[in-house]
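So this one's two forms of a single chain, laid out as C-alpha cells and tagged structure 1 and structure 2.
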Structure 1
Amino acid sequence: MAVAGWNEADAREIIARLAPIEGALLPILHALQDEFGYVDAAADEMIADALNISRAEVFGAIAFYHDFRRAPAGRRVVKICRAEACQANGCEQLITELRARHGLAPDETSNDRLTIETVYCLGNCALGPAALVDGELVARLDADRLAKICDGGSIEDAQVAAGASA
C-alpha cells in the first residue's frame, strides 16, 4: 500500500470533510490511516476540536480498536489468522516456524519492511491457514509460502500456489 507521510494540512482537510457525518470518529480514523499509514498523535487534538469531544475520547478510541496504529507499518503488512478454524489447520505451527526460522513474532516486531499482526478470523475458514496480505486474502498457507510473502514475494503467486495445492 503506497501511503503518504504525515501532513497536517491534508489531515485537516480529511477531518473537515468527514466531521459532519453521524458517528464520524471511526470513519475519520480509517481515512487518516488509509492516507498516512497510521494515525499521528498530532491528529488527536484536531479530531477532538472538529467533533467537539475530548482528546481523551479520541485517544481512548484509538487505543481500543486493534486496527489503528500510532506509527507507520512496514511496507508489507501480513495479518495472520489465529482463530479456531485456522488452528485446526495448523496456524500455530506457522507462527512457531516464523519465530524459529525467521526470528519474527506477530504483534511484537515491526520494521519498515514487514509488519506481522494477529487477527481473529478473516472469513476464509474452510481454506485455512489464512492471512490478509496488504489487504488481499491468501488461503492454505504453508511455511514456504508464508516465508516468501514475508520476503515481499508476489501475493498472487501465493494465491495461485494455494489453489494448486488442493
Structure 2
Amino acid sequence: MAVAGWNEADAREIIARLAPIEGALLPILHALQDEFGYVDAAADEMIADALNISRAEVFGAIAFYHDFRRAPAGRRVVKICRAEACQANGCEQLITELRARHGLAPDETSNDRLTIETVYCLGNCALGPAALVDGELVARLDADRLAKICDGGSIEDAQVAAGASA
C-alpha cells in the first residue's frame, strides 16, 4: 500500500486507467484505497462520471464493503472478530474490557495512531477470540494482550503468547 496524501490529479489518473475494464467500480475503489489509504468523498463524482453510473451506486459500494474507508486509518489497524465462534470464546468480554479500561471500541476508535474495527469471521474459529492486527492473525486473545496490541505492542509477542496459552 503506497498511502500517499489525497491528490485529485492522481485519483483521476487511476480512475481513467481502470474505467475501460468491465466491472471497473471495485478495481477503481481498491486502487484508490491502495494509493491513498482511503477513498475520499471527492472521488464519488469522478468515478460516477467515468463509469456513467450514479454517485449513489458508488457510495453504496463503499458503504457495503467494510474494507473501504472514507478517512485514513491509524498506523495500527486492529480488526476484532465478532462472529459466533469468537463470541462463544469471549470476544464480547474483551471488547467490554477494552472499553472500560482504555476507552477503546470497535468501529468508534480511529485516529492517526489506532483504528479498531469489527469483522465477522477470520476463519480461525477454533482459536478464538481472534483479531487481524496490521494484516497479521492473532489468536486466543485475552484482555491484556489486546490492550498491549492497541498500545503498539509487538504482534509477534502476542502471537507467541497465544501459542503458550494453548
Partner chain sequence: MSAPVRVFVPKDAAASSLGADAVVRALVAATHERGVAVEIVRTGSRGMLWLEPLVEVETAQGRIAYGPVAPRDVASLLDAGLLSGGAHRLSHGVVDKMDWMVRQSRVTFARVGAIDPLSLSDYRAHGGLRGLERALRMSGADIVEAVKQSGLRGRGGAGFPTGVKWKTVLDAAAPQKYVVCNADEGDSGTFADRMLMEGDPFLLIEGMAIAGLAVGATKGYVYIRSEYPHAFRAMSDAIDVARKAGVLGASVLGCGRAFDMEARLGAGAYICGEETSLLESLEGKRGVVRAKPPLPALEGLFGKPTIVNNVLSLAAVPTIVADGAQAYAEYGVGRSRGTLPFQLAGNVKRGGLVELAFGATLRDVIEGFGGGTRSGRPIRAVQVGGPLGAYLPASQLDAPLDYEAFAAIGAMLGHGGIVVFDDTVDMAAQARFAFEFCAKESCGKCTPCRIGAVRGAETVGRIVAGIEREKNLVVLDDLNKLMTDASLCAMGGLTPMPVMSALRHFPEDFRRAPQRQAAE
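What you are looking at is a predicted structure, and each value in this text was computed from that prediction instead of being measured. Residue 1 is the first residue of structure 1, and the numbers go on in sequence order from there. Between two forms, the rigid core is the largest collection of C-alphas that superpose within 1.5 Å.
Only structure 1 matches the form predicted together with the partner chain. Of the listed residues P72, A143, C121, D44, the one positioned at a hinge between rigid parts between the two structures is P72; the rest lie more than 12 positions from any hinge. Here the chain acts as two rigid units, and between the two structures the smaller unit rotates by 16°. When the rigid core is fitted, D49 shows a C-alpha shift of 5.0 Å between the two structures.
Per-residue C-alpha deviation between the two structures, core superposed: L25, 2.6 Å.
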